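To begin, one chain is listed below as structure tokens, in the form predicted on its own.
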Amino acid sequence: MNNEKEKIEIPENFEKIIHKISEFFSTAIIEKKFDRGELTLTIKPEFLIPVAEFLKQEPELKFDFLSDICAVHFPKEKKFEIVYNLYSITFHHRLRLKVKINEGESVTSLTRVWSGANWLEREVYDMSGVVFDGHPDLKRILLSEDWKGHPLRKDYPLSGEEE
């Protein structure tokens, strides 16, 4: 029995994405992961806007659709991962872009890159409490303004807030 992890081959089209980003943003990428046919790149938060603009505008990539944004909460570490799911309509490929922040920190809004980020960021703010700097109208979208807490945080009580 072989206990070594098998090296997973990254398809050429995904290698091209990694190469293109690395070519222009050599210090931006923290981690590259290819698993189950999906590429995930974790980048430094300060590179979010330039990398997003590049991914959208680069003729060989054209990630022109932001399909979803979500947040993963790690309460013991007091950290969040903000996950952006991108799709290229032209080339039919997907990319998961991640940014890691500490609890209490904010991340830059992507509304100036993809207008569809508006509602997606509001949902993440409402359900997880992540603040998006530069968002044009950051307010609750699903819960009432007087709701206490953020239900998708892993430290939120399962039975809800006690009154």
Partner chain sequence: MGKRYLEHTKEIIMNMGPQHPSTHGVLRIKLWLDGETVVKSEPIIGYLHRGIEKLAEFRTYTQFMPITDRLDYVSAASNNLAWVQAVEKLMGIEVPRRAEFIRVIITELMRIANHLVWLGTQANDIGAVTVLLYCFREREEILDIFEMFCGARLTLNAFRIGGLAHDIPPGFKERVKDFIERFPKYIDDYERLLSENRIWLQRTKNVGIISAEDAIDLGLSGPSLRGSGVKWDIRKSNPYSVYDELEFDIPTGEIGDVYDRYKVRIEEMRQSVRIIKQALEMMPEGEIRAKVPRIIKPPPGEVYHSIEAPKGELGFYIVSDGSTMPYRVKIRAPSFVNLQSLSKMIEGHLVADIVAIIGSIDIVLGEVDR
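Residue numbers count along the first chain shown, from 1. Treat the numbers as computed from the prediction; the structure is a model and nothing was measured.
Below, we refer to the form predicted together with the partner chain, which is not included among the displayed structures.
- In the predicted complex, the partner chain lies farther than 4.5 Å from every heavy atom of Pro50.
- For Lys154, a non-hydrogen atom is located within 4.5 Å of the partner chain in the predicted complex, even though that partner is not displayed.
- Contact check for Asp133: every heavy atom lies farther than 4.5 Å from the partner chain in the predicted complex.
- Shown alone here, Leu55 lies farther than 4.5 Å from the partner chain in the predicted complex, counting heavy atoms only.
- Contact with the partner chain in the predicted complex, defined as a heavy atom within 4.5 Å, holds for exactly one of Asp68, Glu46, Glu60, Glu105, namely Asp68.
- Just one of Leu138, Met127, Val99, Ile29 comes within 4.5 Å of the partner chain in the predicted complex, counting any heavy atom, and that one is Met127.
- Against the partner chain in the predicted complex, the set Arg36, Thr40 and Trp114 is in full contact: each member has a heavy atom within 4.5 Å.
- Contact residues in stretch 58-87 (any heavy atom within 4.5 Å of the partner chain, taken in the predicted complex) are Asp64, Phe65, Leu66, Ser67, Asp68, Ile69, Cys70, Ala71, Val72, His73, Phe74, Pro75, Val83, Asn85, Tyr87.
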